[in-house]
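Shown next as C-alpha cells: one chain only, the form predicted on its own.
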Amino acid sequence: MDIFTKFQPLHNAFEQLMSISKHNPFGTTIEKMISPTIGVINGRQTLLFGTNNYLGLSQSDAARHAAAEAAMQYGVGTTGSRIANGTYSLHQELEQDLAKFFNRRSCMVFSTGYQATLGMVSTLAGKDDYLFLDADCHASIYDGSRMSQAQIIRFRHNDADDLRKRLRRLGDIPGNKLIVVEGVYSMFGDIIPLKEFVEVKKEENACLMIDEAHSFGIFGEHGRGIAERDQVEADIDFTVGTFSKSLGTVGGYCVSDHPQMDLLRLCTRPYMFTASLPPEVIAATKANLEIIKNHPELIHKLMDNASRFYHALQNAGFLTGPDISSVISVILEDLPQASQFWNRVLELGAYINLSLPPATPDNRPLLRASIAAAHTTEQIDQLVQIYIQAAQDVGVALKI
C-alpha cells in the first residue's frame, strides 16, 4: 500500500476543481507588492482583497525601518526556542507592550498565531477537563483540543443557550471547564454575542478564552477587540490572537491576568519546542503596535470601508454573512459556480479568497473579501462593480 493512498480522495477533489478552474485558488502567487492594496499577480497589477492586511501595516515605513535596524543589530534569526537561547530583550519588550496594551498582567508571544491557540488550548485543558468549543472555531483550536486529551464538547455556533445546556448536563462531574470562542469568525465574518457567553461562564463557573485574531485592531475604542467593544474584558480569562492580520507581521500572543501564567512557558509545547521569532519580526511588530495605539482613525476607516462594501453587495443582490466586519463573504450555491466566479474576479483585476467545503460553516462555497483601512473608496466601489460583472458573466442569480 502506498503511503499516499489515503490522500486519493483529496487528489480527486483537487483534480475536479482544477478541471473547472483556470487558476489554482490555493496557489496564487503575488509576484510583487506595489502597496498594501495592490500587487502583481500573473504579471498584472491586481487589487488585493484577500490578504487579511486589515490596517495596511505590512507595508508601514515604521515597521520596515525597525526591522532593518533590528536585523543589522541582532542578525536575522535566534536559532533557538524561547526556553533555550531564543529570548532576546526585544521579545520581552514586546510581551510587556502587549500586556500593557491589553491591561493584563502577563503576555506570552508565540512564533505564529496558530501556535498560540494550539499551545494554550492543548496546555490549559488536561485529560480530566472539559473543552467547550464553538462549532465554527478555527482549525488551530480543534487541533489544540486533540492534543489536550480533554473531553471535547461542541456547541451550536454563537449559541450561548446551547452552551449553557451542555455545561449543565455535566452536573457535579469533576474537571475544569474551558470555553473557547472567537471574536470574529473568519469564514462569514460574523461576530460573537460575547456578553451572553460571559453570563454563561459566570453562571457555570467556567473559564473563557477568546481568539481575537480577526477583531484585534478593528473593534473597540483602542482596537483590543470584541471584548473591549462589549466592555467585558475583565471577564475574559485568556485572550489569544495573531500578528499576521492587523499587525501586519507574523506571530501570536496570549494575554491573561492569571498570576501563574508564566508557568505555562515551561509546559506549553508549541512555545517550548520551536524557534522564537526573529528579531526583525519582533521589532516590526512593536512598531506597528505603536501605530495602532496612536492612530485610532485607522479603525474608523476600516469600518467605513467594510460598511460601504457590505451594503453595496446587499443592494446589488448578493447573499452575504450576517455582520459587518473586516471579513465580508458572498455565499454561493455550488463549487463550479464559485470557482468560475473566483476566476472571473481575478481576470477582472481583483484577488479575493475562495473558501470551499468542508472548511465552510454550512457546506456552501464562499467568496471571501478582507477589507482594509488602506483601501480607497474608489477601490471598494471598483470591487463591487467587478463582483457584479463577474456574476453576470458566470450566471450567478442576484436577489434584487
Partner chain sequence: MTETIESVSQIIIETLLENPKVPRNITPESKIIEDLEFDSLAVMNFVMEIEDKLDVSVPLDRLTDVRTIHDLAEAIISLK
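Because the structure is predicted, anything quoted here is derived from the model rather than measured. Residue numbers count along the first chain shown, from 1.
Although not depicted, the form predicted together with the partner chain is the subject of the following passage.
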Any of the heavy atoms of residue 151 lying within 4.5 Å of the partner chain in the predicted bound form? yes
Is residue 43 a contact residue for the partner chain in the predicted bound form, using a 4.5 Å heavy atom cut-off? no
Does the 4.5 Å heavy atom contact test between residue 340 and the partner chain in the predicted bound form come out positive? no
is_contact(residue 238, the partner chain) in the predicted bound form, heavy atom dist at most 4.5 Å: no
Would you say all of 100, 291 and 295 touch the partner chain in the predicted bound form, counting a heavy atom within 4.5 Å as a touch? no
Which single stretch, out of 341-349, 52-60, 370-378, 356-364, brings residue heavy atoms within 4.5 Å of the partner chain in the predicted bound form? 356-364
As a check of understanding, the residue in 310, 88, 114, 155 with any heavy atom within 4.5 Å of the partner chain in the predicted bound form should be identified as 155
Which residue among 190, 162, 233, 95 has a heavy atom within 4.5 angstroms of the partner chain in the predicted bound form? 162
Determine the residues of 202-220 with a heavy atom within 4.5 Å of the partner chain in the predicted bound form and present them in sequence order; the list may be empty. none
